[in-house]
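Given as C-alpha cells, the chain that follows is alone and in the form predicted on its own.
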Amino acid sequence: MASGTNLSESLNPATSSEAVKRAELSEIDASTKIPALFFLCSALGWILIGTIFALIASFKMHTPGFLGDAEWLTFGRVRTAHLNAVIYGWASNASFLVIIWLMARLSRSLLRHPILLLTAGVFWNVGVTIGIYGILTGDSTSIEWLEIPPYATPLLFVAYALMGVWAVIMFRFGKSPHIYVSQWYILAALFWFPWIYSVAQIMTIWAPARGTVQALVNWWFAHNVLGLWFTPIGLASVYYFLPKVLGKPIHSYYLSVLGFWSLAIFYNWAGVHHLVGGPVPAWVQTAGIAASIMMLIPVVVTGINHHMTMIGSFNALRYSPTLRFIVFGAVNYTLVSVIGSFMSLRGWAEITHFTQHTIAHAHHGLYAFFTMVMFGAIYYILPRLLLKEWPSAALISVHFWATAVGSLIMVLVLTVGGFHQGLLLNTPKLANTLGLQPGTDPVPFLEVVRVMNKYLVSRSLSGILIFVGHLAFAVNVVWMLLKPRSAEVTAPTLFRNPPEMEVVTR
C-alpha cells in the first residue's frame, strides 16, 4: 500500500484517478463491515463445531465404542449434525459473506439496508442452531442433505428471502456500467438455491411424492446444492480474486460466459447418476449420465481460463496467501468435476456406489474446492474491512498446509479405500465378468470391514490435521479482530517478501 500522496503523484492524472478509486472502494468496504463480520464470525463458529462433529463421527467408524454411552453422539446423529453444520452453518454463512462484499464492490455502490442483512443472518443462524439441536435429539428427517427438522426450515426460508431481496436491490441500484461474470454466478446461485430447496422440501417432507420419485428428488437436490449453490459462489470468487491479486484481467471473457451457461444447462440433470442401477427408469439414469459427461464442457473451459490467467504468474503463489488458497481450490474444482463425470459411468458406479469412494468425492468438492476458495476470499476481505493486516503469516502457513495436505490425504485415502471396498463387495460378480473362477465365494462382510479399518484410521488422522488448520485460522481471525489498529500504513501479510513489491494482494 502506498504510504501517502506526494506532489508528483498529485500532478499525475492516472495516479490521482487510482487514488480516487481506492478511496471509493474503501468507503464501499466500510459500508459492508458490520454484516460481513457477523457472517464471518458465524461461519467461523460453525466450521469449528462441524469439525468436532466430523472427528467424533470419523473415530466411531473404526472405534465404535468411542463416546458410545452418549445418546446424542451416536454415529447417525453426530455424522448428520456434522453434515448440516458444514453445509448450512459454515458454507452458507461464508457464501453470504462473499456475496455481500463482492456485490457491493462489483456494483460500485455503498451497501444498502444493512439491517435487512443482519436480520437475515440472525434468522438463518437461529434456524441452523434449532435444526442441529433437533438432529442431535433424534428429530432428523433421515433424508440426506435435508435432515433439518421441518420446524426449523421456515426460519431458513425467511432468512434466504431477505438475502435475495437485498441482492436484487444492490444489483438494481448499482453504479457500475458493467455486469461482471462474478455477478452472473452470484445472482444465478441466489435464484437456484431457493428453487431447489423449496421443491425438495415440498416433494420429500411437506407433501411427499410416492415411491422412487422421492429418491430422484433427494439426489436432484443433494447434487444441485453443491453444483448450483456452492459452486457458483466458489467460481464467482475465483473469477474475482484471481485477476485481482495478479493485477491482470481474466484470460477470456467469452470462455467465462461459455462456462457459466454450460454449467446452468447441464448440471441440473447430473445428480440422477447417483441412482444408476437403482429402481428408476433407465432413460432417467441415461439422461443423468449424459449430463454428467457434458459437464466436462464447463469444467474444461473454466480450467483453461483459470490456467491461462495464471500463466507467467505462478511465482506469486510463493507470496500471496489469498492466491495460494484460491488456486488450490480452482485446481481441485477441475479435478473433482472430471472425476464426478467418470463416476457416472455404469461400470464405475457399479463398483463405487455405497462405498467410501462417494464420501471422498463429496469432501473433494465441498472442502478441497469450495472451502479452500472461501478461506482465500476471507484472507483478502478481512484486512479491507478492519483496515489492518493479518497478525501472523506463520498461522496462515500452518492453516494452508494443514488443510491442503489433510484434505488431499482424506480424499486420496477414501478414494482408494472406497474402490477397494467396492471390489471386495462385488467379488463374485466381478470374477465372473473378468473370466475368473465362476465359483469365487463372496468376501464376508466382516472381512470387508476389517480391510477398511486402515483407511478409516487414516481418514481420522487427516481430520485431525484439518482441525489443526482450522484452529490456526480461528486464532488468527480472533487475534486480528482484537488487536489494535496501527496508525501507520502497513504492508500486506505475505508468506515472504517478494523481490518486487508490486506482487502484493492489494
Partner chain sequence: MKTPDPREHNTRIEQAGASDESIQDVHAILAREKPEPHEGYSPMPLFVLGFVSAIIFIGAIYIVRHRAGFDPLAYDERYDPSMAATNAAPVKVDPIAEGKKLFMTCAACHQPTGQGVPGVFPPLVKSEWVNGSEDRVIRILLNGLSGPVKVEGNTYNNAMPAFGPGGYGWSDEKISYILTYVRQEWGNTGAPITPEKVAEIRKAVGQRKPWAAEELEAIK
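Positions refer to the first chain, counted from 1. It should be emphasised that the depicted structure is a prediction, and the values quoted were computed from it without experimental measurement.
The same protein has a further form, the form predicted together with its partner chain, not shown here; the description that follows concerns it.
Using a 4.5 Å heavy atom cutoff, Leu258, Pro281 and Ile289 all lie near its partner chain in the predicted complex. Its partner chain in the predicted complex is approached by Leu345, whose closest heavy atom lies within 4.5 angstroms of it.
In the predicted complex, its partner chain lies farther than 4.5 Å from every heavy atom of Phe173. Its partner chain is not shown here, but in the predicted complex it comes within 4.5 Å of a heavy atom of Tyr254.
Taking the partner from elsewhere, Leu335 is found to have every heavy atom lying beyond 4.5 Å of its partner chain in the predicted complex. Scanning Asn224, Thr403, Gln285, Asn218 against its partner chain in the predicted complex with a 4.5 Å heavy atom cut-off leaves one residue, Gln285. Of the residues Leu387, Ile130, Ile304, Ile409, just one reaches its partner chain in the predicted complex with a heavy atom at 4.5 Å or closer; this is Ile304.
Note on the interface: of 119-127, 147-155, 272-280, 76-84, the segment with non-hydrogen atoms within 4.5 angstroms of its partner chain in the predicted complex is 272-280. Contacts to its partner chain in the predicted complex (heavy atom within 4.5 Å) from stretch 287-309: Ile289, Ala290, Ile293, Met294, Leu296, Ile297, Val300, Val301, Ile304.
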